[in-house]
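What follows is one chain in structure tokens, specifically the form predicted on its own.
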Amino acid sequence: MGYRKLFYASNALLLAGFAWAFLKDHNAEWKPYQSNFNRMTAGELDKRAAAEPDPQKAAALRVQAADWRRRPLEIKQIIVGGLDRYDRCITCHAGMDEYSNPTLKTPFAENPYKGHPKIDEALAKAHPFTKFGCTVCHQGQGLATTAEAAHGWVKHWERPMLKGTHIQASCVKCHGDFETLRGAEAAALGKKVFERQGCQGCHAINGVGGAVSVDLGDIADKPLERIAGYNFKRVRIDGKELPEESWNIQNWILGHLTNDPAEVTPNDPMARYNAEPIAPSAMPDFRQEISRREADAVTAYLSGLTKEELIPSRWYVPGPRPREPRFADAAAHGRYVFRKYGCQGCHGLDAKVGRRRFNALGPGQNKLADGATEEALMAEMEKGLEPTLPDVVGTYTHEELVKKIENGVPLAAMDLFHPKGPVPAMYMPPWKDKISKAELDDLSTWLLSIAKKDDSGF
């Protein structure tokens, strides 16, 4: 008797499962979107038929309207073999289905019923959807059939849909010539700002640049599991804390440009949780130097630096080899070299003021007695700065300055304000293998030309 009851119960559960699956599929989120689009399209065709004076054309329009009303609801997808993608975006965005709506235009202004924006422009024409799909440019989760999951703004999906100018990150992935490409102006600006601020002095791009911090050549692939939720919670975008579904690499990059990175990543300078003290992020606070528009542009540029997303070589467009401008003299060339290799990232724009370097011994710090509070120590360690070059380069000869830049300044050679505090996160790497001898000579010439002179004029 017990087995019979178990059998009946199992069958009841199985039947309930089938019923649940049927109802879930019947009430799928995408179905009303597609149904509404078919109905709205049929309505527009009926209106055109009513206004059409030619009886034959009017009849043809009514036939088309009837066809749209009879269309079955179905999952639609674009298969992009070259990228191993299956994009189902057109299941909801039916107006962008090139098969049923070849013009990709609709009379509707509301999403998801409208056609694709700027469809007549060269950018859209050069990227037919049947070949490239949707997510290669927009990102998101192509296989999903609910709005939230498809747009990728859900926990654990690491490539959410790119919004606004951030979509130009996709231009960077495929176009080595994106700096001159129409439609990629924001990404091009982002690279200019990146170089203007000297980010390449610490962050190399595929090996080109400094080695102080991580190479950003694949920053778009950084796994979110390597970023602590504690740090994401400290990010503010437009003054608001990020919900967990918005923890993604785009907001991580943008957060570093629109917040003080030392506040986003404070680490453990007093060794409360680690065996050794760890200095806060050494990245400068760029908020007074970079506008929000420029921060978004840098985010667009860096979000396109990927190695995981393999673009077929036949799709990749190489860029031109960069050419250096001509210079009036050695000093002018030296100033260009200073900017080219990102020296301003640590020593400030045009070397005017050295940037912060936590716990470095420098001017303006107050000596503290033994037993000073943690708050007092933190306040003084935060005053540490990179050298302001006009104040110090005049103490070197040309040859000594060249050798100093060639060999760099290792962390072990730095004087600390608080001996038991953290070692500064920034140091000067050796540049002898990256900057040519001619460039080093001209850089030294320019640095000596901006050295401060004493009252005697020397």
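Everything numeric here is computed off the predicted structure, so don't read it as measured data. Each residue number is its position in the shown sequence, starting from 1.
Just so it is clear, the following notes concern the form predicted together with a small molecule, a form of the same protein that is not shown.
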For this session: Could you check which residue among Ala331, Ile90, Leu242, Ile205 gets a heavy atom within 4.5 Å of the small molecule in the predicted complex?
Result: Ile90
Exercise. Does the 4.5 Å heavy atom contact test between Ala126 and the small molecule in the predicted complex come out positive?
Worked result: yes
Exercise. Hey, in the predicted complex, is Phe232 touching the small molecule, heavy atoms inside 4.5 Å?
Worked result: no
Exercise. Can any non-hydrogen atom of Val136 be found within 4.5 angstroms of the small molecule in the predicted complex?
Worked result: yes
Exercise. Can any non-hydrogen atom of Leu257 be found within 4.5 angstroms of the small molecule in the predicted complex?
Worked result: yes
Exercise. Thinking of Ile78, Ala150 and Trp252 as one candidate spot, does the small molecule come within 4.5 Å of a heavy atom in every one of them in the predicted complex?
Worked result: yes
Seminar exercise, completed: For the small molecule in the predicted complex, the stretch among 67 to 75, 320 to 328, 136 to 144, 371 to 379 with residues bearing a heavy atom within 4.5 Å is 136 to 144
